[in-house]
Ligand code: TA6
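Below you will find one chain, with nothing else, as structure tokens; this is the form predicted on its own, and questions on how it binds or moves follow later.
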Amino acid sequence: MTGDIMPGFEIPGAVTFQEGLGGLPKMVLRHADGDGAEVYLHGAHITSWTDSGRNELLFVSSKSSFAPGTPIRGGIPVIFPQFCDGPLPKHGFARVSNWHPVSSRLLADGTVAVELGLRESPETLAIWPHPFRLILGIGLGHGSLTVSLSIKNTGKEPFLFQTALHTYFRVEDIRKTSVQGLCGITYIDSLDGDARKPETQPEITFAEEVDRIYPSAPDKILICDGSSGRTMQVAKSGMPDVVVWNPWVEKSRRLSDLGDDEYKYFVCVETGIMAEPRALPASKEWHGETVFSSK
């Protein structure tokens, strides 16, 4: 497999290619200090991020499908050009498209850096008639994971787009988990007809389904896992909005690719452009980045 499609991208001890679940190819990243990450070419989907103690920091459902044309449930799905429902398939097509390696480097500070790319195809043009170029950058550092996304309009007409890093963070118990840093923001409540409500709580806690968009959110947010004592920081730039989501009991039972009780073990804190589509003129480029860190 690797010799056929990945020549020139492996770095001994840092970047290798393996056959993943469902026979799908994946990149395996290893930092010299022991941190690790895995990313499938299917969707440019990061499915694992581990710290130097081999603790898994992302959640992937045990019932997730790993098959062409099917989204992976968990990890970090790349959402483009549509968020949630609309004329395109839910969350767009980037998360079910086959991406290709663009570059791999070992930086001077030890960061393992790779890039994956996606362009328009006959399949995308049939449902969304715009040429584009996406570059997803991944930087694995000691105690951190940096994920950047660049979107270029390579066509002659402007287009509207939404995008997100739909990150599933692993927690030991959602009932003892909180999200901090969003107090004072007016959010869109997707469970109440998109009503706009002020966030009055310094800590968002979970005792039922939560599905909220926080437009123009602060650039630093904390996820506190009370059971493990771990704190995750989400630091974003160029990505104005944040979504906080957990499906709780009833929705988990309705999702075929999520175990009935798996809602207990993750919280989604997503960064990107979700509240309103953004226009990207011809030949122009948008860039956003999120740095995840754990302590």
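Numbers for residues come from their place in the sequence shown, where the first is 1. Quantities reported herein were computed from a predicted structural model and do not represent experimental measurements.
Missing here is the form predicted together with the named molecule; even so, the following discussion is about that form.
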Could you tell me if all three of F83, R95 and K251 have a heavy atom no more than 4.5 Å from the named molecule in the model of the complex? yes
Select from the listed residues Y187, F161, F206, Y168 the one whose heavy atoms reach within 4.5 Å of the named molecule in the model of the complex. Y168
Which listed residue (L255, V28, A67, A235) meets the criterion of a heavy atom within 4.5 Å of the named molecule in the model of the complex? L255
Do W245 and the named molecule share at least one heavy atom pair within 4.5 Å in the model of the complex? yes
Does E270 reach the named molecule in the model of the complex if we count a contact as any heavy atom within 4.5 Å? yes
I'd like to know if R175 sits close to the named molecule in the model of the complex, meaning any non-hydrogen atom pair within 4.5 angstroms. no
Even though the named molecule is not shown here, does E120 get within 4.5 Å of it in the model of the complex, heavy atoms only? no
Only one of 125 to 133, 138 to 146, 84 to 92, 220 to 228 has residues with a heavy atom within 4.5 Å of the named molecule in the model of the complex, and that stretch is 84 to 92
